[in-house]
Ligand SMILES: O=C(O)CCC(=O)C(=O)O
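First comes one chain, alone, set out as structure tokens in the form predicted on its own.
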């Protein structure tokens, strides 16, 4: 599974607060085949998360993968990683080469239709890196395009992209401190989308 041989739009854009984004459109030309393979390989399921002390089902299917020791805590839960699958390993190798960073973990989100969504949040958990000043997220969007909305915490500035079709959106620097992001619901008829957010977890010793 090779990246597209067509020139993808590439350009790093620095946003308020010093964080940055970099978009590679059409990076994976065989994205539909990759999505079909991953839907067979991944243990995707609807999970429960804790918000304000209450448990809610996620409006999408998810799975967490990573190297041994790459547990991840968010939404009131701690997630132990499932193993890498063959397709995930191939995609990760290409992203490692693209970014010069070793991604050791991944959150997969399967949006089955327009009713599935992701609320506003930041990937600012303390175990994410490679450093606190550079939380690197490589977001791969396979299948149908969906709106991806960035919002600045203080100024309420909004930026928006349509991500799908094998695109890769990289977020880096201190972006997660100042901005939140979401995938809103839509009433339009849209096909399924599989989003793979590759991350760097810095394992931290647990306090007894």
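Residue numbers count along the first chain shown, from 1. Here the structure is a predicted model, which is why all the values come from computation and not from measurement.
The next section is about a form of this same protein that is not shown, the form predicted together with the ligand.
Here is the short version: of 150, 38, 44, 163, the single residue with a heavy atom within 4.5 Å of the ligand in the model of the complex is 163. Screening 132, 121, 112, 90 for any heavy atom within 4.5 Å of the ligand in the model of the complex leaves a single hit, 121.
The three marked residues, 107, 139 and 183, each reach the ligand in the model of the complex, with a heavy atom inside 4.5 Å. Applying a 4.5 Å heavy atom cutoff to the ligand in the model of the complex picks out 181, 183, 193, 195, 197 from 181-197, in order along the sequence.
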